[in-house]
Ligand SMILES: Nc1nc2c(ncn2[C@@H]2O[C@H](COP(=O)(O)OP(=O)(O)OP(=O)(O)O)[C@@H](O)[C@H]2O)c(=O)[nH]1
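First, one chain by itself: the form predicted alone, in structure tokens.
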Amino acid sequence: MLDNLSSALKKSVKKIVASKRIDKRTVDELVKDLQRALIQADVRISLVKELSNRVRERALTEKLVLNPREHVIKILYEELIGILGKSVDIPLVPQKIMMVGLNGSGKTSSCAKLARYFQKKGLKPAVICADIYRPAASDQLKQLCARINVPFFDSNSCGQKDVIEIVKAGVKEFSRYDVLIIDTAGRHALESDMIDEIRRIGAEINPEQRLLVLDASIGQQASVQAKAFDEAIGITGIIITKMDGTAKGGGALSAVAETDSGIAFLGTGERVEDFERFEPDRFVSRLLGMGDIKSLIEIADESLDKDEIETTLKGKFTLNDLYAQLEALRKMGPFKKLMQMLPLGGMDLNIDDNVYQVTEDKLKRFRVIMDSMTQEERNEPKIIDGSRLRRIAIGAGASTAEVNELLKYHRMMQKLLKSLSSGRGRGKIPMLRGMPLKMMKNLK
């Protein structure tokens, strides 16, 4: 998410790490880079100016506790957290959650993502669709819920056409479930009839949480919507969606921070799994290339059993083991997202984006190709020469290019995991050369 902003910030950090000395000129260059990156991410100019002034002043006047480079990066880290505002913790307890937002914000898909979030935490969620105006909303949500085995209720479940009656019937039907998520109807604008309906639903079920869903692409306008909804129904938290598809995500995050509302979750992709709790310190750590090991461990714990985690982390490199590792990583989520949670900094492993796009179909194809290999070839892929390559391709009904693609994946994964698991890899990572290692311990 926010790839352009993250890339620009990482470059700024690398400049600091590589600087022989930290003086006014170095700080001024950092501030200019910071201003450019934040403005391109749609952060309000006045806020960028305030942040720049604070970074410059603190970097040049504060008493040093760390060495100068550590000190400046720590200041950058803290000030970026400051403009993102507070997070909201949604407790893992039985509760009713009312979802509100305008049409097109991603509210319906967020209901399924939220249900999946609670499901992975060991709770029993159920979803009620209270949108009777957009038939596609009910169909979409029903399909999403079916994919993750979450119970679903709508007007067809009870034969009612009145929104309040549908919600009452759904709450009664799912009384044995832990978390009830109610998807309300959206509008193209914050209209009085929409507010009245949401208020009536709220009065009827008294939800513990009223979550507002905002599209990240609205940028700085996020504050306007957040304030309007809060004044109308008193929201308890915000979900910002589509963080993966816009350059305005920084504007939306910082705009919400200017209101009294806090951000609870971020939607980071189209899959039901692309949903995460918002924690400013972890978020900024990833933007700066310092990683987010804590989140990575949580994802592994939720997605894999103990044996799978052991297999993934051992770093074996036969083709059979590669397949097992890719299967395990696929369960954890997009590989590129997982890599962003590691403190890689400037690691240069020459791995292109195609390595991250390992789909289920690709894995099945790899399995067919591996089935065409001998046991010796699977254990020692280096012995696969031209004649073996052609025989494997014919046996799998594949092209030699496809076989080569599998072998390329193997070599790249081998190189990547070897670098991560060995001390030699640290030499390739400017972010891990001495200074940031100590600093990251202080920041976590």
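Position 1 is the first residue in the sequence shown; the rest follow in order. Note that the structure is a prediction, hence the values are computed from the model and not measured.
There is also a form predicted together with the ligand; it is not shown, and the following applies to it.
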Check your understanding: Pick from 109 to 117, 173 to 181, 256 to 264, 160 to 168: which stretch has non-hydrogen atoms within 4.5 Å of the ligand in the predicted bound form?
Key -> 109 to 117
Check your understanding: in the predicted bound form, which of the listed residues (Pro207, Gly186, Gly85, Gly237) lies with a heavy atom within 4.5 Å of the ligand?
Key -> Gly186
Point to revise | in the predicted bound form, the one of Lys121, Lys364, Lys124, Arg134 near the ligand [non-hydrogen atom within 4.5 angstroms] | key: Arg134
Check your understanding: With the partner absent here, would Asn4, Ser6 and Leu30 each sit within 4.5 Å of the ligand in the predicted bound form, counting heavy atoms only?
Key -> no
Check your understanding: Is there a heavy atom of Gln95 no more than 4.5 Å from a heavy atom of the ligand in the predicted bound form?
Key -> no
Review point. Hey, in the predicted bound form, is Lys248 touching the ligand, heavy atoms inside 4.5 Å?
Key: no
Review point. Would Ile90 show up as a contact with the ligand in the predicted bound form if we use heavy atoms at 4.5 Å?
Key: no
Review point. Any chance Ser105 has a heavy atom within 4.5 Å of the ligand in the predicted bound form?
Key: yes
**Study point:** the ligand in the predicted bound form - contacting residues of 393 to 413, heavy atom within 4.5 Å
**Key:** none
